[in-house]
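There is one chain below, alone, in structure tokens, taken in the form predicted alone.
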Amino acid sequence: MRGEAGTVKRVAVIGAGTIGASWAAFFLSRGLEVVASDPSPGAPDLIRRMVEEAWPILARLGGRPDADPAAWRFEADPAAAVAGADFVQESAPERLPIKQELLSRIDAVLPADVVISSSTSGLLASRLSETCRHPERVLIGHPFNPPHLIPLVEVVGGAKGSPEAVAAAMAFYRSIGKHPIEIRKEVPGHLANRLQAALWREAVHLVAEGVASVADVDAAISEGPGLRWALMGPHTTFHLAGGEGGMEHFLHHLLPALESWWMDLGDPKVNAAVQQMLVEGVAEGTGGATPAELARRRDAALVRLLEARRSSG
């Protein structure tokens, strides 16, 4: 399978909406050639704007000095777009029939040693590859939004997926500066989205029960554990909470309290009234800023955070 450093020169980005365009900009910054495809007539302009806006940031975050932001072209036909590709990143809409039909078309024309990686946020590789001739090379390569900034990529092989395809994808993502993690068992939503969903479920419950406002629930994360989570995950965080005794001491002394909290976690019913509370609470907590403005603030802060992490090793 192609994937080791130096074996991938051209990436086909199939599906060039927000996620696909972000992927394209990142691949270009790593010195790769990109061929993109999307049924939308506005896709080329979206890619062009994304590359132009993201390029200075990507150069600061480890882009290759010789990378060419113009090293991409557009093909409306996905089968034509994957011709000569060494790796395929699919980012079509999150609907199983659409992805199955698209992946089947791509699979039919690609050499068997080229990995097809789907950006799906929750679908299973086993289902996506059901109509493919080579299901062993179809896997999940789920990025976190925005892909050109967030290092994480979740790699999941399907029931018929080959270890070689998973290893090739892991090697490729690692070689271009991503932080791939292997999900060893297929579950809906993969790993990170399930963790997000679990936290948000309790956040919604606390708002619905009148425990705190939307703004204060958000602040409880962004001004508290979220700062630590930018540096280490929940297990290591609680390992430090155990002091000199680490995780063993933490489990011995604090696990009973945590288990009692687990028993009290909520199962909210997100009815119309709760939805209205969330909509109004977000508007109040963000001061009415538009999603686009909030995204710009977030991305600017992410760049500073990533640079700080790089400088500290």
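Sequential numbering from 1, following the sequence displayed. Computed from a predicted model, the values in this text were never measured in an experiment.
Just so it is clear, the following notes concern the form predicted together with another copy of the chain, a form of the same protein that is not shown.
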item: Non-hydrogen atom contact Phe238 with another copy of the chain in the predicted complex at 4.5 angstroms; value: yes
item: Lys9: touches another copy of the chain in the predicted complex, heavy atom cutoff 4.5 angstroms; value: no
item: Partner proximity in the predicted complex: Ile176 to another copy of the chain, non-hydrogen atom cutoff 4.5 Å; value: no
item: Thr286: touches another copy of the chain in the predicted complex, heavy atom cutoff 4.5 angstroms; value: yes
item: Heavy atom within 4.5 Å of another copy of the chain in the predicted complex - residue from Ala71, Ala159, Leu195, Ala79; value: Leu195
item: Heavy atom contact within 4.5 Å of another copy of the chain in the predicted complex, the stretch among 105-113, 131-139, 160-168, 201-209; value: 201-209
item: Residues within stretch 120-153 having a non-hydrogen atom within 4.5 Å of another copy of the chain in the predicted complex; value: Ser121, Phe144, Asn145, Ile150, Pro151, Leu152
